[in-house]
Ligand SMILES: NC(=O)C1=CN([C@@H]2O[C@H](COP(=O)(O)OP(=O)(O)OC[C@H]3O[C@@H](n4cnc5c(N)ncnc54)[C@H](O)[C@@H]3O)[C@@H](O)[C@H]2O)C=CC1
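One chain comes next, on its own, written as C-alpha cells: the form predicted on its own.
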C-alpha cells in the first residue's frame, strides 16, 4: 500500500510537492479551493514527468494516485505527510492548521513551505504545535533537492528524524536548521542579492539582463557546484581560507554595497524592471521558460552526478536507495527468457535537435545493459579489481522507433554466445511492448595486466553455461548477425 501525502494549496510550490511525491510512488491528495488547481497541478506534473525520472539511473517506483478533495478533512485522512503551501499570510496559515489538525492523524508530520515565517510563529495557538515544522523547498520542487527543515524545541527528536527519513526517501536533501530565524538560511542570501540588484537597476548601473548575465556567466556556476565558502577556500590558494579572509576581509568595509538599504518600490522602478524583463525574456512563454530551466537544471545536476558532488551526490544516494530489487540477479532472473538489464527513464540531455533520443545515447544505454549483464555473470567491480574484465570488440545498433525524453525504457538481453574468452549479447530496447532499438555486442575477456585476451574465472564460465542452457530454446533474434559475424 502506498504512503499518502496531503497537499494543502496547489499552486506552483504545492504542485511541485505533489509531483515529487507522486513520481516517487506516493498517493497524493490535494485540497485547494481554486477551481483552476487541477489544471495548474497538471501543468506542473507534465514538466515533472518529462524531467524528474531521467535524473535517476534506475527506475522510480510506479507513479502514485492523484486525487482532489473539496474538504480538507478528506484530503488529510490517513496522510502521514501534510504539506501546507498556502499564501504567505500568517493568519491564513494558522486557520488552515486549525482545520487540518482537527481531522488529521496526530502522528502525521505537517510541513510548511513558508519562505519567511519561523516555526514558532506557525505553532502559535496550534492544537498540536509539536506536529508542525518548516520544510521550505526551492522551485522547481520536483527537481531541486534542498529542503530547509526548521523545527523548534516543541518538536520531538524522533519527529525530526522521521521527517528527514521521509524527505530523503523521495530524493530531497533535508538541511536541518537548528536555530530558527526569519527567512531561514538560503532566502537571506537571495534577499541580499535581490536588494543589491534593485539598486543597480534603479541607479542605472545595469539592466536586468546584464545582472542575470553577471550571475549565470560567473559566480552562479561556481556556487551551483561548490557553494560559497568552499569556492572562497579555493580562491585562497594553498594557504586556504585564512589567506582569503586576510586578503579580502578588509574589503567588506569599503563602500561597495547598499545591502542595509532597500530602494523604494515606486511605480517608476517597478515599470523599469518589468519593461527590461519583458525585453529580455518576453519572447518566451512561461511554459517555455520552465522547460528551458528544467533542461538546464537536469544537465547540470547529471554532470554533478558523474562527479558524485553537491546535488549530484544526493541523486546518487537516492539511486542507491532505489536500486535493490530494481534489476534481477542471476538467481532472481527467469533465465529462459531475455534478462532485464536496464530499466530507466530517458533523461532530457539524451535528446537532440530532432526532439528524440540521440543515436549516441542508444549506445550508452546498451553499454549500461552490457555492464549489468557482466555483473550478473560475476564480472562486477570486485572481480575487475582482481585484474580481469571484458573489452568490447564490436557493436551493431538498429534504430526501430523514436524515443523521447521521459520515456520509460527497458533492455532485455539474450546471450548468443558465452564460452571461453568470447561473450556475444543481443539487447532489445522496449517502451512498454514497443520495440525501439536493438544493440548487439561482441566482447572478449582480457587480462588488465597484459591487456590481452584471457580466460574468465571458472565462476563466470559456470554462470554463462547456466544462462546458455536456459536460453538454448530461444530463437535467434531477428537482426542479429547483420554486422557481427556469428562465431563458428
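Numbering follows the first chain given and starts at 1. Computed from a prediction, not measured in an experiment: that's the story for all the values here.
Although it is not shown, the form predicted together with this ligand is what the next lines describe.
This form leaves room for this ligand: after superposition of the C-alphas round the site, using its pose in the predicted bound form, no atom of it sits within 2.4 Å of a backbone or C-beta atom.
For residue 370, no non-hydrogen atom is located within 4.5 Å of this ligand in the predicted bound form, even though that partner is not displayed. Contact check for residue 464: no non-hydrogen atom falls within 4.5 Å of this ligand in the predicted bound form. In the predicted bound form, no heavy atom of residue 282 sits within 4.5 Å of this ligand.
Taking the partner from the other structure, this ligand in the predicted bound form has a heavy atom within 4.5 Å of a heavy atom of residue 87. With the partner removed from view, the residue among 455, 33, 432, 42 that has a non-hydrogen atom within 4.5 Å of this ligand in the predicted bound form turns out to be 33. Only one of 177, 92, 200, 269 comes within 4.5 Å of this ligand in the predicted bound form through a heavy atom, and that residue is 92. Stretch 108-116 is the answer when you ask which of 372-380, 108-116, 320-328, 350-358 has residues with heavy atoms within 4.5 Å of this ligand in the predicted bound form. Contacts with this ligand in the predicted bound form, taken as any heavy atom within 4.5 Å, map within 119-153 to 136, 137, 139.
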